[in-house]
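Next up: a single chain in structure tokens, the form predicted on its own.
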């Protein structure tokens, strides 16, 4: 059977490539710290030695639109083109051609249907930045075949948080049963609190730092019950109009498993949003844990959960109380 060697859940920020590859005098002041953290995080995937990447993201109205936006979709192609023109123009993201893994795509699609998850399928899928951003950050060689999975985090009515978690659990079972000797890593990206086009888009911090604190604790401790008890479509909208991308991070926690503590947790405040980088190792080999420890030392990250009670969040609690 295949071996799931790593599960990665992170935010995806389309400006990372441009911010860290521009001439030094044109980079934002936080670019060096951001790059340091991302390159450290990259080592947590490298240590997993994957042969295939199962990648979870969402189409940002590039190929899917209001008239035909499936709740869940899987790609089944020999190769996938990226990037869309506006992502090249606005973010400087280069074009890519990513190899696909038809065998795993076909197996996963059939098994998902067998588990009563009615996935759409595409043979003409073009990849946008929700998948290209983690390629850039954790596998810039773009040398591994992918199985892309798109979720609906944009077009109401949305699937429930519980359904996202259930999809994650099903994907884990399917990877574990895939008849292959290959190593698989699952990588998914979404958002913490995020405002796009609204009055809180460019605040001093992300729109809801206390949601971010809770979200990082829930994810890094595998506390699915707390998420399902506290996170609704309405509460996510209250944290920021684009916060529903958190459900893709919940899906990745579903792949990792309930109650499973993350082996690497990092985050970075980028003034208008908070970036987050998290890795679970299902089999926790010494080499993987050593790599996570070295990466954490470089990035000032944690090799275990980060809790909302951490004093680092106190300034945001005070701000909320004063407001």
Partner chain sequence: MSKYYVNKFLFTIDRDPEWVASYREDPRATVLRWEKEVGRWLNPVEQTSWLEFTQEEREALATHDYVWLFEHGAHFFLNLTLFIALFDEEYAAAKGPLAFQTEMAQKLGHWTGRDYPSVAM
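These numbers were taken from a predicted model, which means no experiment stands behind them. Residue numbers count along the first chain shown, from 1.
The same protein also has a form predicted in complex with the partner chain, omitted here; what follows describes it.
With the partner removed from view, the residue among 138, 93, 82, 242 that has a non-hydrogen atom within 4.5 Å of the partner chain in the predicted complex turns out to be 242. This chain appears without its partner; in the predicted complex, the one residue of 200, 126, 182, 169 with a heavy atom within 4.5 Å of the partner chain is 200. Against the partner chain in the predicted complex, the set 63, 86 and 196 is in full contact: each member has a heavy atom within 4.5 Å. Among residues of the shown chain, residue 313 is not one whose heavy atoms approach the partner chain to within 4.5 Å in the predicted complex. Although the partner is absent here, residue 154 sits close enough that one of its heavy atoms falls within 4.5 Å of the partner chain in the predicted complex. Proximity of residue 307 to the partner chain in the predicted complex: non-hydrogen atoms within 4.5 Å are absent; the residue sits far from the partner. Of the candidate stretches 48-56, 261-269, 64-72, 280-288, only 64-72 contains residues with a heavy atom within 4.5 Å of the partner chain in the predicted complex.
Counting a residue when any of its non-hydrogen atoms is within 4.5 Å of the partner chain in the predicted complex, there are no hits in 210-234.
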